[in-house]
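Listed next as structure tokens is one chain, alone, in the form predicted on its own.
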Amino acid sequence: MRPLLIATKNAHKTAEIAAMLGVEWEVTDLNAYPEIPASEETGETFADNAAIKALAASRLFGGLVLADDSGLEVDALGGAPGVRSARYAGPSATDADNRAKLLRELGSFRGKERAARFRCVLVLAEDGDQRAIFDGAVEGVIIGAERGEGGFGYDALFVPEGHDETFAQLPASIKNTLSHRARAMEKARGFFISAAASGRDAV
């Protein structure tokens, strides 16, 4: 098994990435390495924040590090919550707090005015150097009330294009084939496969 550190303490993200990579990878996150601090996300874009996290952790971890920064972009709100998705309702906000604020902000919008997308950027780093960057997005709409018990973040409010169920209602096996993170991870998997086929290391 090949070790890969995910530069996050979000166990949901780690589990999704591990499932997408498969059993040939030994995927851990910062919860297993308390000596590696979580980085402050001070970037202006998802790519900025992913790079900050990946590079910082890779300087303290002897191997490949993958960092994810992702969030929800709502057209009617000018792209908000965007990079502030995890702290939309404040620095100590819970997922429920963020969802409640989003519903308040969208109270007067209807139908296609609620168009939105989840966007993900992944940065792969090793020994303090950025090795690759991957991105993915999925279009959809924000509904007027939460539906579903699965997922996390804004999943209970987001219905992806081509589906009638929210990300919180869809089985993980389906979500993990069409989500923004799945699309970015598919590019990452292709990168790893190409590197292995060429006889090089993963980077």
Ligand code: IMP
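From a predicted model like this one, the values you see are computed outputs, not experimental measurements. One-based numbering along the sequence shown.
The protein also exists as the form predicted in complex with inosinic acid; that form is not presented, and the subsequent description refers to it.
**Student:** Where does inosinic acid sit in the predicted bound form: which of 139 to 147, 55 to 63, 30 to 38, 152 to 160, heavy atoms within 4.5 Å?
**Tutor:** Selected stretch: 152 to 160.
**Student:** Do Ser70 and inosinic acid share at least one heavy atom pair within 4.5 Å in the predicted bound form?
**Tutor:** Taking the distances in the predicted bound form, the answer for Ser70 is yes, it comes within 4.5 Å of inosinic acid.
**Student:** Is there a non-hydrogen atom of Arg189 within 4.5 angstroms of a non-hydrogen atom of inosinic acid in the predicted bound form?
**Tutor:** So Arg189 does not count as contacting inosinic acid.
**Student:** So in the predicted bound form, does any heavy atom of Arg183 sit within 4.5 Å of inosinic acid?
**Tutor:** Contact check for Arg183: no, nothing within 4.5 Å of inosinic acid in the predicted bound form.
**Student:** Can any non-hydrogen atom of Ala89 be found within 4.5 angstroms of inosinic acid in the predicted bound form?
**Tutor:** No, Ala89 is distant from the partner.
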